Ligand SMILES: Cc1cc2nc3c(=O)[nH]c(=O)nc-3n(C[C@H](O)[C@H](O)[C@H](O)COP(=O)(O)O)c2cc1C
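Heads up, the chain below is alone and in the form predicted alone; it's given as structure tokens.
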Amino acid sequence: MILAICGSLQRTSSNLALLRAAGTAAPPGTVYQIFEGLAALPAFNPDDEPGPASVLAWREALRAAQGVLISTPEYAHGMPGALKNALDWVVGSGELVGKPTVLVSASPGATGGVRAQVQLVQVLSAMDVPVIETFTVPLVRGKLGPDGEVRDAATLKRLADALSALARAAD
């Protein structure tokens, strides 16, 4: 199973649109699931271990995954706080250790959120998570249709190729 994680909590997030598009491009036989509980995770506090039900669900979703796809925007030159918080909850428990991971970042700006990726790679490296591929989607709004779906053929191909690589690495 490939677990997809959106770093944005926004309902109309372009990064969530990328994850939805990636799901339609999953190789045959690949189970693909978008984790939708990031907003429910409380602020990480080691005193609260093992955490409430939302944390246990997060850990179980990661434990069940053979590979992970993260798509995140960039906020203030870094990854969003909700994503960092979610990762903090699994640093010590290790559900992400060794899971092949692909990172995508999309941004309305020309850099495509590359600074969020740099920060995310650092954190995942500290967690012993193999990042097998990274790419950005700059000027993402021009690649979405009026319905918010990804319409750009090159972006769709890039997502499909990354998901295929992830599925192979996860096997």
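Owing to the predicted nature of the structure, the values given are computational and were not obtained by experimental measurement. Residues carry their position along the shown sequence, with the first being 1.
Not on display, but discussed next: the form predicted together with the ligand.
- Contact with the ligand in the predicted bound form, defined as a heavy atom within 4.5 Å, is made by none of Gly67, Thr101 and Arg168.
- Screening Thr30, Gln33, Ser54, Thr111 for any heavy atom within 4.5 Å of the ligand in the predicted bound form leaves a single hit, Thr111.
- Contact annotation for Gln117: none of its heavy atoms lies within 4.5 Å of the ligand in the predicted bound form.
- When the ligand is considered in the predicted bound form, Ser107 lines it closely, a heavy atom lying within 4.5 Å.
- The ligand is not shown here, but in the predicted bound form it comes within 4.5 Å of a heavy atom of Ser13.
- Taking the partner from the other structure, the ligand in the predicted bound form has no heavy atom within 4.5 Å of any heavy atom of Glu95.
- Along 62 to 77, a non-hydrogen atom within 4.5 Å of the ligand in the predicted bound form is carried by Pro73, Glu74, Tyr75, Ala76, His77, in order along the sequence.
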